[in-house]
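One chain comes next, on its own, written out as structure tokens in the form predicted alone.
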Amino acid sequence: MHGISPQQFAESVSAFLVPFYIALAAMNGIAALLMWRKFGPVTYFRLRTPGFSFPVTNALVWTIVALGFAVLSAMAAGANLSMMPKMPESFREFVNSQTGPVIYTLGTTTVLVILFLFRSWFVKPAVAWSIWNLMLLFLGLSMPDPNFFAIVAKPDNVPIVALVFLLAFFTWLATWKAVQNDKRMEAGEPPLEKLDDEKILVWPDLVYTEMICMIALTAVLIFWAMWLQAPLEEPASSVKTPNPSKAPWYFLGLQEMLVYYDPWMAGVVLPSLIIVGLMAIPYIDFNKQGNGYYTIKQRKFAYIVFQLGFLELWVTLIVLGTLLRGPNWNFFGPYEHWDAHKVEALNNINLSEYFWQRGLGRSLPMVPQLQWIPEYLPTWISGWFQPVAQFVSILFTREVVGTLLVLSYFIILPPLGAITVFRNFYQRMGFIRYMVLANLLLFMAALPIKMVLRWSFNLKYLIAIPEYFLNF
């Protein structure tokens, strides 16, 4: 790491890993104790060999895991990098070589699909607890790598790492409750929430609980501020900007969108549509099931759209922008050094250039300059006539292919969906609500489509009209 010696780096890693592994050992030890008290010597599985059978209980499995984390803590206590357990060098090089925006996005999408299809198995407490331990073990074994540590342990990025684990936990919790309710309703039983009809008073029950949470959270923030140095930098200067220059974490999704869209689209239109879409949900939602209880089967379409929109098109972009976007906004692997001199030459091409120059082998059409204005137009309209006519002529000459594609996307696909896969939606929602829903979904799908086009064909814009600051 820059600025410190290898021994200082080893001491920094040891200072993190020792309490980290001790906490994991204690966590699994408590889990083993709770399982022993609840289930006793219940067989979890049996190790069988010819003439030998050895029962393994729930408690014994997690006791062994706890002892393993305790051993890892002892190995990390010496502040000796050669003794610390770490990811193999070959594995780190392989991850770096295979890490890219395509694999990252397709990989996270594939994981979400697998988790959704096999949710009944993944939400089992034993399976979820195993995955949780593997995630934390991966973090611990990766920390001795200087490049990984420099990214993850940066004070700015610590909340994002915590966000990933907290989001994983609460997603599992909600999915587990939904799976339990779906099974109960298939058996003709009411959801779990209906069984809990206890009423509590705002005062003192709710206010007292909120006050305790407020005090606890304040204490956590105070200790956090004492533990981590505030990520303050030198005063801002117009002649020296950080590289990379990143927005706050909650805007990193928008900053990633700027790679694929014009600023007006990524910074104004899409965020506005997100807000409008959230406001429109109560008015376009015709499915009244699932109100007040967790379920997936009764609201499968809404669940899938939300998970893809929130997790895949927002959270993963935040993680990508935080941990994988380095100097010059280049893409770096998790174990790769952030080299400010890394240059990736990208020759992004507009669709009109693909069509006219590469496809037809001719130059881009010249747009004729309109000099006449109809005399019968009022004065307040004639001032707008020429620029509007010029804009329309560009759309249907130089940018005709992109214009037709975009118009087809937003005009043809909604009615096509109304007579095919979304026929039931159209019949139950009516024309207006269905069209609002269809266009919101099309704008949502436009982001991954544009990302794939950029990665696959270096396609910059479908419609490029820099004369009027309009690119799509």
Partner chain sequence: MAGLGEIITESQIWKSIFRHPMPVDRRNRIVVMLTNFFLHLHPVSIKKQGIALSYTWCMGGVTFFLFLVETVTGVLLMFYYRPTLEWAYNDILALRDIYSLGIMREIHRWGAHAMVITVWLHMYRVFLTGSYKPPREFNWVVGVILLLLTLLLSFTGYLLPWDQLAVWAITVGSNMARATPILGHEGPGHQLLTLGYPMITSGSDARFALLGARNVGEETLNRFYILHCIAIPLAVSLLLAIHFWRVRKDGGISGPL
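The structure presented is a predicted model; accordingly, all values stated were derived computationally and were not measured. In this text, the rigid core denotes the largest set of C-alpha atoms whose superposition between the two forms falls within 1.5 Å. Residue numbers count along the first chain shown, from 1.
Omitted from view is the form predicted in complex with its partner chain, to which the following refers.
**Q** For the chain seen here without its partner, which of 347 to 355, 171 to 179, 88 to 96, 334 to 342 has a heavy atom within 4.5 Å of its partner chain in the predicted bound form?
**A** It is the stretch 171 to 179.
**Q** Can you work out which of P125, P327, P159, G78 has a heavy atom no more than 4.5 Å from its partner chain in the predicted bound form?
**A** Spelling it out, the residue with a heavy atom inside the cut-off is P159.
**Q** Using a 4.5 Å cut on heavy atoms, which of A187, I103, I114, I200 is close to its partner chain in the predicted bound form?
**A** Answer to the contact question: I200.
**Q** With the partner left out of view, is I275 within 4.5 angstroms of its partner chain in the predicted bound form by any non-hydrogen atom?
**A** It does: once its partner chain is placed as it appears in the predicted bound form, I275 has a heavy atom within 4.5 Å of it.
**Q** Applying a 4.5 Å heavy atom distance criterion, does S363 contact its partner chain in the predicted bound form?
**A** S363 lies outside the contact set for its partner chain.
**Q** Does any heavy atom of L470 come within 4.5 Å of a heavy atom of its partner chain in the predicted bound form?
**A** Because a heavy atom of L470 falls inside 4.5 Å of its partner chain in the predicted bound form, the answer is yes.
**Q** May I ask you to check whether R398 falls inside a 4.5 Å heavy atom distance of its partner chain in the predicted bound form?
**A** R398 lies outside the contact set for its partner chain.
**Q** Could you list which residues of 300 to 323 come within 4.5 Å of its partner chain in the predicted bound form, counting heavy atoms only?
**A** In sequence order, A302, Y303, F306, Q307, F310, L311, W314, I318 come within 4.5 Å of the partner.
**Q** Quick check: I215 between this form and the one not shown - does its CA shift reach 2 Å or more after fitting the rigid core?
**A** It does shift by 2 Å or more.
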